[in-house]
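Take a look at this one chain, the form predicted on its own, written out in structure tokens.
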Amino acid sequence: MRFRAKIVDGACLNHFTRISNMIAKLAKTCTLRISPDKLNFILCDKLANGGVSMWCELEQENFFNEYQMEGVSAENNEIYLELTSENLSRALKTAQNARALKIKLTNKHFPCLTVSVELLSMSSSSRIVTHDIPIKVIPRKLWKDLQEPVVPDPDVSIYLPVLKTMKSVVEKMKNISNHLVIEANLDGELNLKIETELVCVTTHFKDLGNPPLASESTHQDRNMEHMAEVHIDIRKLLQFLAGQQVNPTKALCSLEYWSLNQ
């Protein structure tokens, strides 16, 4: 079982660092899945207990200048590792303005993900900062619990407003209520609503747009203005919004009556 990879491009390194920071804000531990063509960061807490589930997929050729791996076997050419999210995020913080970043699987009396950052010194010579991140190698029998989640067909899918704007609105609402109602329809309208015994506050967003599949044949007999809604813990939504560091060009929210998928 082997893994080593190298990032040289500064933009790729910064983007990889932002992804790591986002994951660290969402959960204490995460699973890193290494395959020949992809890296996946996986969170699979039980949603019924208020946990966060996430499947983050990175095409290795979009990030790494060098990438070599050998899985647990020829038939199962993958590696699954469990690590503390904050440890990886902290290690990558030293990589700002780095010349290169190397990541490899090592064994230093215990399994490690070793992160080596090549930095320029004042004398123009380079110096290496190395972080050894303890990991657990996840056995093959547990891989079945770490597969890409099957997302059910939503009642409504809609593009979200600018996430910073949405975060600002939700932060103000949390001072009034612990729960939030999200309403959306197939006409590009989204409402964020809180209700208490004393007050009802709703923020309306219009003309957000719906992805093409949300408006085609399966929904042609639907009332485009009909609102689907879900009730969620406002703190969990804020955790998601506060953790966003990758500045997406678009964010999609899919609602079905028993869950919220983002």
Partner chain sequence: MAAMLKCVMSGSQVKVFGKAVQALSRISDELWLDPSKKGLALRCVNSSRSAYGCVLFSPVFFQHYQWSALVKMSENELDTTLNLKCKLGMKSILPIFRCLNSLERNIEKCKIFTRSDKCKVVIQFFYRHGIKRTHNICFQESQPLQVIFDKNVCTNTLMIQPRLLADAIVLFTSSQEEVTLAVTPLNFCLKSSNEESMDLSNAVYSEMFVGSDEFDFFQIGMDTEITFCFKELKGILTFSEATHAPISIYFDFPGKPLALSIDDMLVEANFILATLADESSRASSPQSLCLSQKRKRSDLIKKKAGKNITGQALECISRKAAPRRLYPKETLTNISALENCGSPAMKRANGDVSEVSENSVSNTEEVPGSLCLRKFSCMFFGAVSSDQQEHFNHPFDSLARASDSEEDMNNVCRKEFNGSDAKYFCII
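Remember, predicted model here, so these are calculated numbers, not experimental data. Numbering follows the first chain given and starts at 1.
Quick note: we don't show the form predicted together with the partner chain, though the next part is all about it.
Chemist: If you check S121, S168, N107, N178 against the partner chain in the predicted complex, which one has a heavy atom within 4.5 Å?
Modeler: Of the candidates S121, S168, N107, N178, S121 is the one lying within 4.5 Å of the partner chain in the predicted complex.
Chemist: Ok, V151, A74, I128, V162: which has a heavy atom sitting within 4.5 Å of the partner chain in the predicted complex?
Modeler: When the partner chain is considered in the predicted complex, the option within 4.5 Å is I128.
Chemist: Is the gap between L81 and the partner chain in the predicted complex 4.5 Å or less for some heavy atom pair?
Modeler: Close contact is absent here: in the predicted complex, L81 is far from the partner chain, nothing within 4.5 Å, heavy atoms only.
Chemist: Could you tell me if N185 has a non-hydrogen atom within 4.5 Å of the partner chain in the predicted complex?
Modeler: Residue-level check for N185: no, no contact with the partner chain.
Chemist: When the contact criterion is heavy atoms within 4.5 Å, does Q96 count as touching the partner chain in the predicted complex?
Modeler: Because no heavy atom of Q96 falls inside 4.5 Å of the partner chain in the predicted complex, the answer is no.
Chemist: Looking in the predicted complex, any heavy atom of S157 within 4.5 Å of the partner chain?
Modeler: Contact check for S157: no, nothing within 4.5 Å of the partner chain in the predicted complex.
Chemist: Looking at 143-151, 187-195, 99-107, 130-138, which one sits within 4.5 Å of the partner chain in the predicted complex if you count heavy atoms only?
Modeler: That would be 130-138.
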